[in-house]
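Let's start with one chain on its own, the form predicted on its own, as structure tokens.
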Amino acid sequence: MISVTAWEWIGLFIGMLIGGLAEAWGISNPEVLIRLGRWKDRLFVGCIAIAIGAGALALYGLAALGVSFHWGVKPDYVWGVALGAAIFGTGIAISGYVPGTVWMALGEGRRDAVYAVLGGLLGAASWTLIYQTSFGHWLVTYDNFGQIYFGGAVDTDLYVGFGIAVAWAIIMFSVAYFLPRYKGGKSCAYTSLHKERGLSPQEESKYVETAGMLLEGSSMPLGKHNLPEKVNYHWTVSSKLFGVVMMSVGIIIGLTVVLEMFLHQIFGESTTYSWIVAKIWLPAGTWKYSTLVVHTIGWEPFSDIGTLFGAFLASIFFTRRFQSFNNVIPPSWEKRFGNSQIKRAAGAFSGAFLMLLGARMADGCASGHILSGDLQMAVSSLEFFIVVMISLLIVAHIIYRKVVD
């Protein structure tokens, strides 16, 4: 048995790697997740699917060979996970953020991320209060089937688990391959694997528009014929060198999560909010949930700080999207609600409030459930992802249905 437990501060470097790569994806920009909710840009689903598929194969393959991992399968308390996921998806539709991308957006210098952090802390505090009640107790105990994955109890039947992981990876890779990024086009994976297929004029215009959207508000000149220009316009400027960048980033992130589980724990980014609440507002010893968080916290604060700095460094040296907290409003939000900074601040705050309330209620978020959890083939995480997507699509349709692109 090969087993390792690394120091918690190692999470700082893990967070920097994932934060930098994800900033290159562009998901630190809230417009990306808002467009996902509007079903206008499905890049996030394709990249996450690649990460899950690659990570699941590596995780269960190595585990079957005798490598020991620090598993982090979330317990499946059906109703609490479902309600938390529905609230979480609603919060994403409003704010355009998930817990980890808030830290990335701060690193990228986005002004509305400041309000999102404050709303997220209040959401985490609200769950600490609810957890103390009989309703909170019911949510986490009723129909609680414990830590189970597709093959049974966590860390059991690993040869069977590897066989299931192969099938799961095929499903995930198929999603990444067949799900078009834009309507009428092809996926990034398909385009990367079919070099002979050129982009249609409509697809190319959408890629260029998306790159411009990601650069909107940047305080740094992009320059010409350099790395940042190629990173931002990789599909149209230098397809030979950067045509596989989205696939590569997905694979690297999936394998990094597996490395994390080998070294110390899964990758999760919402627990830090509850930990901060416990330290400055609702102390352990008085509040049950704060006590639970303080006694079980791992390297999440380190990895969140790393995520922030990774995104900061990437936005300065790699993508040049650093905004210096300029007045920038996501285009979909502006078309629906106007360019009022007060309205956008209220949206970022309230959406992040709901997003963190839902994440803590469900015991995980986009990183702890959707990425790390679905990579482990956790039943609770699959439930969470399905309900989040349904909620996100419905609420985003209600909010932005009148928006014309």
Partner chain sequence: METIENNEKEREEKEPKYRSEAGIKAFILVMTGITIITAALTSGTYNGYDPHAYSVAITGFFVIVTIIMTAVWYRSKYNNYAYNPNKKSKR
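Positions refer to the first chain, counted from 1. Remember, predicted model here, so these are calculated numbers, not experimental data.
One more form of this protein, predicted in complex with its partner chain, exists but is not displayed; see below.
- In the predicted complex, its partner chain stays beyond 4.5 Å of every heavy atom belonging to Lys186.
- In the predicted complex, its partner chain lies farther than 4.5 Å from every heavy atom of Pro75.
- In the predicted complex, its partner chain sits beyond 4.5 Å of every heavy atom of Thr286.
- Although the partner is absent here, Ser174 sits far enough away that none of its heavy atoms falls within 4.5 Å of its partner chain in the predicted complex.
- Comment: its partner chain is not present in this chain, but in the predicted complex one of Ile164, Val114, Leu227, Val294 has a heavy atom within 4.5 Å of it, namely Val294.
- Interface residue among Trp281, Trp79, Tyr190, Phe325 relative to its partner chain in the predicted complex, by the heavy atom within 4.5 Å criterion: Phe325.
- Of the stretches 106-114, 82-90, 145-153, 119-127, only 106-114 has residues with a heavy atom within 4.5 Å of its partner chain in the predicted complex.
- Within 4.5 angstroms of its partner chain in the predicted complex, the stretch 285-318 places a non-hydrogen atom from each of Val294, His295, Thr296, Ile297, Gly298, Pro301, Phe302, Ile305, Leu308, Phe309, Phe312, Leu313, Ile316, Phe317, taken in sequence order.
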